[in-house]
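This document starts with one chain, in the form predicted on its own, laid out as structure tokens.
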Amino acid sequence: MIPVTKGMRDFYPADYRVQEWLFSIFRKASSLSGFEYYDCPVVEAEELYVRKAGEEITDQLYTFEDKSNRKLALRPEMTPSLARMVIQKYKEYPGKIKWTSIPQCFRYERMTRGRKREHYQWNLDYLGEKSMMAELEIIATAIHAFELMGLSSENVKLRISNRKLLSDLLLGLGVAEDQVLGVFLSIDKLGKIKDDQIIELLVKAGLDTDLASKVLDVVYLKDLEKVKESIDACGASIEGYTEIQELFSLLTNYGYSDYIEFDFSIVRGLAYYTGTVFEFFDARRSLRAIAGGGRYDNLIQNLADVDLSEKAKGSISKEAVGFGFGDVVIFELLKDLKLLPELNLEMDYYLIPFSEDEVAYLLPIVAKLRKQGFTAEMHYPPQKPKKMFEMASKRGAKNGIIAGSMELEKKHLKVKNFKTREETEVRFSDFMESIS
């Protein structure tokens, strides 16, 4: 027997019900904040992802060639696809865009708890807004979703940083501009490997040992006042610092100050982030990041410029903030906290015929119930009453409609409320009229 592909998942009906419960929360939070749904193909051109050099994602792609020898990939994330869509219809979307999606994504990566090779990911993206209001909308919508799941700031923390702020500080410390991305990718390993291994990565990125140690000291700063002192000491730009202060103020005014923490080690592994970066973690840090995102103001312009003439380069641009929220880690957290719901089947009516004659008799009832919006199912083929009633219970039926030879002869039905055990006999025609 062929098993499910390693790193992939089957969703049996009970699993699917829980997944749909989670997705319904994503959809509700998105709609309440005014995000519109979109979608795109799961297969994209490979070059859409490999343009970002030096990132792990390039080595994690599921790639193949089609029959026309085109190099394609299963999407590992949604942001490049969104950027492609916006570029294709740029003139039709001149203003602000608030879009959401729940795509399935694929990455060939090492599997650990909370990490599969496929996952569904709730995405929120706010394009065309320069201010920190875009970050606020994304983050507040995400936190609202957590709260709809029954979680609070006691269970979930949001760690925020700003790549612009960190980049300016690094330059002030003496890191060369062409070394900054390598430093970011090294810092992204913080907490996953030991500090001395981080130092080794920083040295490989071109820093000497003393500078690597200074960088690590700065990354461990948790107090924004201390960060400001470091900015003043090295004469770095305060633009990134001003942005993060504004964002913290907005989140506090919104009522979410209990969730937020400043953390320089949050840099995100993707090169296209330009400013704010953030990740949600469980409060105990027993799991990997639940969700994360940030500002990517240059991605659309960079992707568009590849195909534009020299004269037209830079003509297509749009500020953007987005995030991705995978379904794998949050299921682990909800399971740990015993917050996953037990979702049993529910059905309005289960129809129980005692013979084939009653099957034909009840079919108009089944059709009418479904047309009127009731969930209804008939037991087939007829069996012993005990087995049919057991199946009604298993299917989560609220009511039963029962017909035997006596009901058929009298043109009647028996309607039973399975919760109260109350049973009434009604005429067939009266019941049909009652559900009109």
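The first residue of the shown sequence is 1; numbering continues from there. Superpose the two forms; the largest set of C-alphas matching within 1.5 Å is the rigid core. Keep in mind it's a predicted model, so treat the numbers as computed, not measured.
What comes next is about the form predicted together with the RNA, which does not appear here.
Contact with the RNA in the predicted complex, defined as any heavy atom within 4.5 Å, is confined among 40-48, 393-401, 365-373, 27-35 to 393-401. Shown alone here, Tyr62 lies farther than 4.5 Å from the RNA in the predicted complex, counting heavy atoms only. Taking the partner from elsewhere, Glu129 is found to have every heavy atom lying beyond 4.5 Å of the RNA in the predicted complex. Though the partner is left out of this view, Arg113 does reach within 4.5 Å of the RNA in the predicted complex, counting heavy atoms only. Residue contact with the RNA in the predicted complex: Lys192 places a heavy atom within 4.5 Å of it. Only one of Val218, Ala289, Leu340, Leu148 comes within 4.5 Å of the RNA in the predicted complex through a heavy atom, and that residue is Ala289. Of all the residues from 399-433, those having a non-hydrogen atom no more than 4.5 Å from the RNA in the predicted complex are Ile402, Gly404, Ser405, Met406, Glu407, Lys414, Lys416, Phe418, Lys419, Arg421, Glu423. Here Leu340 does not count as shifted, since its C-alpha moves by less than 2 Å between this form and the one not shown after the core is aligned. Relative to the superposed core, Lys204 undergoes a Cα shift of 2 Å or more between this form and the one not shown.
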